[in-house]
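A lone chain, given as structure tokens: the form predicted on its own.
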Amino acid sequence: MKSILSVAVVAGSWLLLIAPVQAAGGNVAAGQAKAAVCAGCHGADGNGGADPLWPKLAGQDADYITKQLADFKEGRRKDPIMAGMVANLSKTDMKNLGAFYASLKVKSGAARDAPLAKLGEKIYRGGNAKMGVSACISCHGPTGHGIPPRFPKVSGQHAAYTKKQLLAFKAGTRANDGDIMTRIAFRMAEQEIKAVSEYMAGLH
């Protein structure tokens, strides 16, 4: 009886170990090999390159990354650099890349402007009822880890990248994730967008 229980425990532990890779439907090792050309912008460890407008991908949900890559390829999300990078990626390549980046650990970020981050925290946690801006926490969680795969992890992301995306949602030039962010960002003042981006950079 003990031996049967032992086997069950070992088997259960193994399933827990492989579940993340299977759930993402991708192969981490294959994704790592394919990501060699991505390192210039996103870093070898997925924590971003020299330009803060290039996002950190480490620790992001695998399915979310896979979807964004597919959206770039199909033209639902516009970016001239990414359009070229994804042109020859297969669906399997995208899943593998998603699995690889999800397996990496994101480096903690930090807000550089404390007063601005304080305003950002107020909006992130409480929204702006007067303008009909929902609290970011409702979709992205108290620590910014999101609700995968629909709502991405935002904690520790470069403030400049987050600001760029929020402004794109506000302008309607990014609309590949439904209209939730488009409607919210449209009602936000640019200073509020800057503040929320600053706060999320140091959120953990």
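What you see is a predicted model, and the numbers here were worked out from it, not measured in a lab. All residue numbers refer to positions in the sequence shown, first residue = 1.
The same protein also has a form predicted together with ligand HEC, omitted here; what follows describes it.
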Looking in the predicted bound form, is ligand HEC within 4.5 Å of a heavy atom from each of 146, 171 and 186? no
Since only the chain is shown here, I'm wondering whether residue 92 would be in contact with ligand HEC in the predicted bound form (any heavy atom pair within 4.5 Å). no
According to a 4.5 angstroms non-hydrogen atom cut-off, is residue 104 in contact with ligand HEC in the predicted bound form? no
Is residue 48 near ligand HEC? Define near as a heavy atom within 4.5 Å, in the predicted bound form. no
In the predicted bound form, is there a heavy atom of ligand HEC that lies within 4.5 Å of any heavy atom of residue 73, even though the partner is absent here? no
At a 4.5 angstroms cut-off on non-hydrogen atoms, which residues of 80 to 107 are near ligand HEC in the predicted bound form? List them in order. 81, 82, 85, 89, 97, 101
